[in-house]
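The form predicted on its own is given below as one chain in structure tokens.
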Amino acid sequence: MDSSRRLWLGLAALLIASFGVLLFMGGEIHRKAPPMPERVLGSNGTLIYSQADIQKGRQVWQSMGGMQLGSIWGHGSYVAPDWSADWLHREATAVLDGWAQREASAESYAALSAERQAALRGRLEARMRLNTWDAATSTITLDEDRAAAIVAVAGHYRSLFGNDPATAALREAYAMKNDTVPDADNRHALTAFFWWTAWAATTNRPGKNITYTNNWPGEPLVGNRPPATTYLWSAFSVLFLIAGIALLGWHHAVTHGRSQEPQQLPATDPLALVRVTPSMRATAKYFWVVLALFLVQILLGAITAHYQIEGQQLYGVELSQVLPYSLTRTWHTQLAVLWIATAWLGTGLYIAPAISGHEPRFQRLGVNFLWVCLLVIVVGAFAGQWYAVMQKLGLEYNFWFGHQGWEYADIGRFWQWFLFIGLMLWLVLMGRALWPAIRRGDESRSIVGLLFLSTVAIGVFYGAGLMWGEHTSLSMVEYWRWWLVHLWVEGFFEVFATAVIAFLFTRLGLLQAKTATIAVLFATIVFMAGGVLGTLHHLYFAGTPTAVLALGASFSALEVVPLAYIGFEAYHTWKLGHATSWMARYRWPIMFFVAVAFWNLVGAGLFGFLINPPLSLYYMQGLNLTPLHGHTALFGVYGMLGIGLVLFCLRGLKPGLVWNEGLLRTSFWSLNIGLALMGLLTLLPIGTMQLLAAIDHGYWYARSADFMQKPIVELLVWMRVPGDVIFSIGAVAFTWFVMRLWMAPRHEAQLPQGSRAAEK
């Protein structure tokens, strides 16, 4: 049995086992999710909230932007509070103040002596962590003190989400528009949903001494502290990381330098002779859309960041009443995925006929039709989100056509289905173009096969976003949402990109097909070994059982293992870029691939592992250390990779043109330096300050207006400007470079027999 066959069997066994465990844990999450009561009653039998109130409140929360305006259980945006933690702290404080006024004639709990405060905290912890859920009657019963506190806290939220002048300053601090939820009944229902998420975060599971959210968020008033399991599995995650790096190092030492037949490098660029078919030429419009979406995403990112300063205005312009923060952030995050995905879809459609040398019938029509569908989806989905956030759509239609409220999965269900069908069309177009290459059975067959299988996975796994309904439990929505975000974006797109790059290097004659095949299969196995079950590290505190914490901690540590040796990959890629004189034609695609390796190490590796262990994430989830990882990993890895692939395709689409080296150099260094400055000058220092605040005072304080409106925090937000400006220069330079290929092309000198001269 040859090496590639053994690797294929190993990959198949790994995926079957990993997904088997992941699906089993999904069943456990469903079974142990926090209960949704039919009624919430006071001890005297008074109805506080009904199940209909809670479910309607969730619909209201989703329609106004959901995770794009504050967060729930730590998942969402970072300017407004985490509503679960905020409600929990306000309710606990209201109960304590009530006791202090009634029993000690004090103005508030804060006015009591330390000894008296400790006594009241002990009583409060026992009351609020007591689980009074009755499964037989589907009822939660609360004492009268908590019932009175709920009324008081609900009044605060009804004021905040309306247009009450009393909370106007707080709305501005939270970057909320006035009348975020104009309907009074909807605001009442919203308070029910917020209360339920806080109840799950402070109530012990039956027979356990931990809450439904594993004691998250940290709240000293009710005894929410990291459970012992977070310490245990954080320590084990570090051990798994060290062991994994050691094993991979041993493998590298054993296999490095094994004798290989010297590779005979071609004298001229093999890809320059590839015939550009009509469907390949039609992919150019995909890359134009990439540029447009990229520029709009940057503009929306700048507006979103500025809302942290002015809250409701953009340099004095009352923008929030037309384009509120929750909408600009929705579009900013959504466009990040869309332009990168479009770059990869276009790359796939370009490279498939180039691989097989076969242009299927009506392929160009299919490419053009899919492009139109993508435009319709973007325009339609974004229009629906605007109507939803502006509260003009109504709750009846929001789930299907408006704003679902789930970060990175915000578009309405109708548009999700439309995009899924579009991906199925892409899969068909890719498959029919690749099939002749798969049937040939040459040395490249395994790489082409892996490329096709990753294409299938990209198409099929987007379907994870269709697995939840409008009233599916919050824990199960999060389970399936991270299938979409983690497995689809971070998993199978990674495999697709690895296979594409390996194929490009083999077609350029720089790598032997057999060597590249083994390297790609091994890399896929190493990545998927941690990547599949590593999905669970997003779910530590999402109403899931402790087993999720254990598996997520262990396998998310393994995700970092291959990144520890990313320097070898970067050096190898750079070395291939200098293998022959004609490789100068591909200097900048290669440089972007080297940048991918760098940001894989820094963004996905260092900053990823910073927040991945359970104990770290207990305090860091939803703080600015999370977008530090998100920005440097999403754009640093997948964005840079998308740009590199686009450049490879452009070299083929416009083979006889001289590239403007100055524009590409400006773009490359501006994008990388700008991204680094965003992280180092703003996200890292603010996140570190928030982390200390969360440890010292509780999670609610690290996300509060009192903390986020400190002068030092505002200064650090302003410090984003240099990085944003430099980054934007890079994006504009790249856009201008691409436009000039069509608007002002400079042709190379022709060589005989149709080949192109290498750039000197």
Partner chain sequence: MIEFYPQIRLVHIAAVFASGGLFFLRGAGVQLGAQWPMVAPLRYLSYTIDTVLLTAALMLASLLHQYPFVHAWLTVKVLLLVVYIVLGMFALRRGRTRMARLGCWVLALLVYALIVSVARTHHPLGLLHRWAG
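Positions refer to the first chain, counted from 1. Quantities reported herein were computed from a predicted structural model and do not represent experimental measurements.
Although it is not shown, the form predicted together with the partner chain is what the next lines describe.
Put simply, L715 is close to the partner chain in the model of the complex: some heavy atom of it is within 4.5 Å. The partner chain is not drawn, but in the model of the complex it has a heavy atom within 4.5 Å of Q313. Contact between G27 and the partner chain in the model of the complex is not found at the 4.5 Å heavy atom cutoff. Remark: V721 counts among the residues lining the partner chain in the model of the complex, judged by a heavy atom distance of 4.5 Å or less. Only one of 27 to 35, 704 to 712, 688 to 696, 48 to 56 places residue heavy atoms within 4.5 angstroms of the partner chain in the model of the complex, namely 704 to 712. Note on the partner interface in the model of the complex: the residue among V456, A243, A106, I309 having a heavy atom within 4.5 angstroms of the partner chain is I309.
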